[in-house]
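Shown below, as structure tokens, is a lone chain in the form predicted alone; questions about how it binds or moves come after it.
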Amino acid sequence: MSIIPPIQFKDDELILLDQRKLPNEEVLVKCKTLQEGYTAIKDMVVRGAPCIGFTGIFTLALWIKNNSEFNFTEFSSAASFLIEARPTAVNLKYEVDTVLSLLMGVKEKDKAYDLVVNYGHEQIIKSEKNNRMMSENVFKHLRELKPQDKYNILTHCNTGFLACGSIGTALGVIQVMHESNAINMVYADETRPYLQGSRLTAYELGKLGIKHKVVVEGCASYLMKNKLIDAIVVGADRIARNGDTANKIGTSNLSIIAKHYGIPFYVVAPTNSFDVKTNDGSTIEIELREEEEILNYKEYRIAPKTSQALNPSFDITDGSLITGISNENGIFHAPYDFKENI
């Protein structure tokens, strides 16, 4: 089955695969303005920390294209506005700040536009190489920790090409293992309330021809107690200096259960997901999303009309519960103390 790129930039347009429509429809959304890029990020047309970052880069290119002159002060205001679309995912701020640094002192509109577009394309190409490296780090460590021919892997949320625009992070580990014929079964958490696991991870696993089953989050203890899981791999939206990791809500639960049953628990993320200026997870802003994502399923109300909901999009996994954190520079183990040169 053919794989449609989740993010493309060509002919002065940002083209996104609408992940809200998957797996039943493969619909492309075209963005031509800053507001349209902001909305695509906010409404989760595009999602996954790396792809959010890439979308931020190209959205800033659209702003430059749509203005008659390049004014750095006005551009900085547009950049600050864009960051607010998804405040928890550090990749967006990282890429926006990098673009601001890249354009410091630039006055010509065409030069600014070309610099940003070229930087965006370079980052996507770079991510393919880096994600494969960090995936291989985990596979190698798991093989050393638990030598066996094939493995059963549990993953949470979505961390493949839809999230990364490339091989993926945690799902990249699964893809690398599959290429070595080392996967027996992948269990994909459905990932409430937005169902990234059942809608998107299962979609990707099907595209890659990897044997899998979708499970509810509440199944985790059952799987581990019955020795159906050899390891857990997840991604990250932000990693603090001490290894505390912000990821999709439900990740922390998995790490606690894995610790109880002695199951290796890996976090896989690029260096731009590391926030070494944040000492620990207690100060990471947790995005609260609309109540309707829990109270409704699409247009159907599934809770009483009088009910309210609390919908944090992320939780914090304690660094002490993580077997290994892998990025393109290697795999790290607790106690964590990430420095600027990770």
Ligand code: MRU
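Quick note: we count residues from 1 along the sequence shown, nothing fancier. All figures in this text were calculated on a predicted structure; none of them were measured in a lab.
Form predicted together with this ligand: not shown, discussed below.
Contact with this ligand in the predicted bound form, defined as a heavy atom within 4.5 Å, is made by all three of 49, 86 and 159.
Although the partner is absent from this view, residue 196 contacts this ligand in the predicted bound form, with a non-hydrogen atom inside 4.5 angstroms. Of the heavy atoms in residue 241, none are within 4.5 Å of this ligand in the predicted bound form. By the criterion of a heavy atom within 4.5 Å, residue 44 is counted among the residues contacting this ligand in the predicted bound form.
In the predicted bound form, this ligand lies farther than 4.5 Å from every heavy atom of residue 95.
Proximity to this ligand in the predicted bound form, defined as a heavy atom within 4.5 Å, singles out one entry of 174, 138, 164, 82, which is 164. The stretch in contact with this ligand in the predicted bound form, judged by heavy atoms within 4.5 Å, is 311-319, chosen from 311-319, 56-64, 294-302, 27-35.
Scanning 224-251 for heavy atoms within 4.5 Å of this ligand in the predicted bound form gives 235, 236, 237, 247, 248 in sequence order.
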